[in-house]
Structures are given as C-alpha cells and as structure tokens.
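Starting off, we have a lone chain in the form predicted alone, written out as structure tokens.
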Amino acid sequence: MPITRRDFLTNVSKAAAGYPAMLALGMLKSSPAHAFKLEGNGNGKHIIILGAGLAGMASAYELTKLGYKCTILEARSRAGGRCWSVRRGTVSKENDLPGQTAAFDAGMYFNAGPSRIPHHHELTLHYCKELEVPVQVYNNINEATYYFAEGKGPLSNKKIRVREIHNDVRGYMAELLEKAIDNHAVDMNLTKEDGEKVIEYLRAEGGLDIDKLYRASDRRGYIEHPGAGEKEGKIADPHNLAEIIQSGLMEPDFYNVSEYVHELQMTMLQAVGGMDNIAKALEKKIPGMIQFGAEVTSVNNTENGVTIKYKNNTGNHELKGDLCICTIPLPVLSNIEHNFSSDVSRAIDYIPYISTSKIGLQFKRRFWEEDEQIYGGITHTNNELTQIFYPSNDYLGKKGVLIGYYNFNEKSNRVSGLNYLQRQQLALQKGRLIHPQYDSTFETSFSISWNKTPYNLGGWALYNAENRRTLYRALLPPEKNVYFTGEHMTYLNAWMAGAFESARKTVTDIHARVTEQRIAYPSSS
C-alpha cells in the first residue's frame, strides 16, 4: 500500500526518529550553530583525552572526523561525567560512604546532573539533532508551585502558591510607584502625557483598581474555582505586604530568578527519557575509543608530546601521544602529578567549585498532579531543601520521581555530611511540611553530593571578576602539549553548552596547530 508523506512522518515521529526523516525531506533546517567545517587532515596524530564526559567525547567525535586517532581514559565505569541520569540499578559511591544502588522502578529516573537545556543554547540542540536525541519541553516556570518559608512571620510555615506572592508583590509595588508618580515624588523626565501612559501601564501590570489600589483578582488564583450554573468562583484576599516581608518571602531564597535569568527563561528543553541519552548517543559515535576504569595518576609534557600514566584493575600503565585534551575537573586534577608551569598549577589548585546536592524520591502516585495540579516547575524553600523539582515528563502517569532537594553551598555541605538514610529522612521531614502526601506515597530514594563524588569533587567551576582575570586566563592557552577543556574553560559554567563549546574550541585550536592553518573558533557561517 502506498503511504502518504503525512502518515510516514507521523509513524516515524512515534518511533522518536522524526528529526532525520524531516531533515531528509527538507522540512527542517539544521539547528543553528557556529559553522564547523574545518579543512585539512590530522593524518593519524594521536590525541589522548582525559575524561569521557561531554567535552571529552565531543572532542573525540569531531577529531576523528578530521583524521585523528583518539584514546579516552575514563576513571569511571561509565561515560557522561555529570551528564548522568539515575535509573534502576545505578550504582554510585561517595568518598566517605559505602556504595548505593538505585531501586527505582523500571522506567523511573531523575537527572542527577544537568536537567535543562535553554532554548538559546544552539550548540547543545545542534548535537541533540545531529545525534538523533529527541527533546521535549521542560517546564521550568510554574505559578502553581509553592513558596515555603520556615520562620516566625505571619505567613511562615505555610505553603503559598507562587502566583499569590508574585501577583500580590507586583500589585503592591505598582500601587506604590503609581502614587509616587501621581504625587510627583519620582524624578522622571516625562511629559504629563508620558506619565499618564506609565500610570496606565502600572494599573494593568499591577492589577490596580480605579482608585489606584491593589485588589485581589483571578490572577492569583481561586479558593473556589468557577464552574457551571451559578458557580462564579471565589477569590481569596491578597496577603498583606508587611506580612509577606516579615515572613521572609521577599528574601533571596524566593527571588523570581526563573523568569529573569537568561539561561532559565522559557522555553527550556530536555532529552526525552533522561539527559544521559545525549551522552549515550555520543558514546556510540566513538566506538572502542574509551578505556573505562582508567584512573590517571600523572600528566607530563615531553619534548615531542605527552606521557600519561594511569592505573586500572590490571595494574599501572603508561600511554604516549602527540597531544592531550584534559577535561578532568580541577579539584581532581589538583591531586594528580604533573609538570605544568607554576601559573597553571596555581590556577588548577585555586579555582573553586560549587558544592551541590540532589535527591530523587520515587512516589507510588503523582499526588502533585492529582491533588495539587502541579505539572512541572519548582517549589522554593528557605530550608535545606532549597528547591523541589516536579517532573516535566510522563504527565498523568501512575508513578513519578521528584527531585526532593537541589541545594548549594552551605546547605549542600550540611546535607553532604549526612549518610544516605539521613538525607532521605531530611528530604521527607522537610518535604512533608509542603506535601503531607509524602507519608503515604513515598517508596525509595537516591541521593548524590557532587562535592563528595570521586572524579568530580564539586558541581562546576565558580568564578568572580578577579579569578576570571588571573586564574582562568592562565588555563586558556595550551600548556605546551596539553589543552584544558570543559565547562570550566567557558563562560557557560554548569551548562552542557559549556562542555560542547569548549570541545569545539579545543578541536579548532589543535587542528590549526597540526595543519598550520590560521583558524579560530567560533567561525562565522
């Protein structure tokens, strides 16, 4: 039977392979990214790559296209580095704790590392398309989630919908500003007509009434939803501005970062079925190149190349190559023997990494959807949880996995000091204050503290203006035959895009050196 083009695309998309089919039919343009069509051949030059994370594998993937031979040494038994999704049977061990094995149901998972792709990270999306990794919308902003402030204020220790606080604060601020403009208390170089337009905008933005006062509206939700017949719905009174302030709901834990930070603005995306599918797809493109269980013990420049020493379950080994790409996180590299210059060694030792932790909690029903109409998004707290993430996949499914906490810095350090059971108890203790359904629906958990995880020892590099100017710049050029690569070598720290951009820059620099060309990344289209 002949098949129509529409039916063909429908069936192919169901098989999660719509990208290549639509590209082949000329229905989609390639994902925009910096042009990367390098000329010349590497003629079998041997590049040793330290680390099989996204940066290391992307480097090998692009270099092999250009005729280089690549060997990747990876200390773990898996590829992907921090691009890691925890599933049933996942095993991990932290420095001072025994191993743990995930007991999630088949098909359940959470992203222990990166979980979001900003819509403007073109290179990440380019690789998803090139590697045929389907993506879906990630709901990062949800007004139906909660703010929860532990404390002594009138609104403390209560879960309050984000939309209530957002609209109340926006309304009160608009009311104050309109009164100031009306009373000429604001020094603005505006004509009378311009001022009237600003006031009109403030009334609309803040939901002010004709008397220039903020009143509650359906923007902040209902206590009784409208329906059929005489059911018009009921709107709750707004929270008092002084009570909002006294309860800590205008403090940094609750700033509206998800709407304002460039990387967190919608639309955001995620790999279907787990972010590690990106790493798995890259690994398939470089068959036989990764040596797993190979822990690097020394990195040394030689007159004509590099010598890398490593150990595995068969003993100690030595590998020689023409050049080296080092993607090892700096806190780990700091403890590896090397013969780098003093400036480079100092940068490796002193660039700090953030402490960050996550826990995945599996529940036997998706109560956040069924009971509270929460589909994706983040609940914010001022306690050790910091954030609760609701899954943006498998909506209306039977079970689900929440990220029960995602915390940083001192809060992460405190949680990292607990054992696995204590972390679970903390997540449940604090979480049930917001979701009492925890008690009747919780099944199992899996936690990760990146600062205590071997071969990471931190989440991602942290820079300020001073160490960007000094330490960061010391690592930008190659250290003789060693190139430093990874998110820590970009201004895209913590993001997969940082790994990909850094990999492409290093590949370009190496290829320019080997082929004696004047090329630089990024190049123009």
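The first residue of the sequence shown is number 1, and the count goes up from there. Computed from a prediction, not measured in an experiment: that's the story for all the values here.
Same protein, other form: the form predicted in complex with a small molecule, not shown, and the subject of what follows.
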Q: Would you point out which of 142 to 150, 324 to 332, 438 to 446, 235 to 243 contains residues with a non-hydrogen atom within 4.5 Å of the small molecule in the model of the complex?
A: 324 to 332
**Q.** Single option in 123, 402, 415, 294 placed near the small molecule in the model of the complex, where near means a heavy atom within 4.5 Å
**A.** 294
Q: Could you tell me which one of 367, 455, 420, 375 places a heavy atom within 4.5 Å of the small molecule in the model of the complex?
A: 455
**Q.** the small molecule in the model of the complex reached by all of 67, 479 and 504, non-hydrogen atom within 4.5 Å
**A.** no
Q) Is there a heavy atom of residue 336 lying 4.5 Å or less from a heavy atom of the small molecule in the model of the complex? A) yes
Q. Contact between residue 462 and the small molecule in the model of the complex at 4.5 Å, heavy atoms?
A. no
Q.
Please determine whether residue 431 contacts the small molecule in the model of the complex, using a 4.5 Å cut-off between heavy atoms.
A. no
Q) Can any non-hydrogen atom of residue 112 be found within 4.5 angstroms of the small molecule in the model of the complex? A) yes
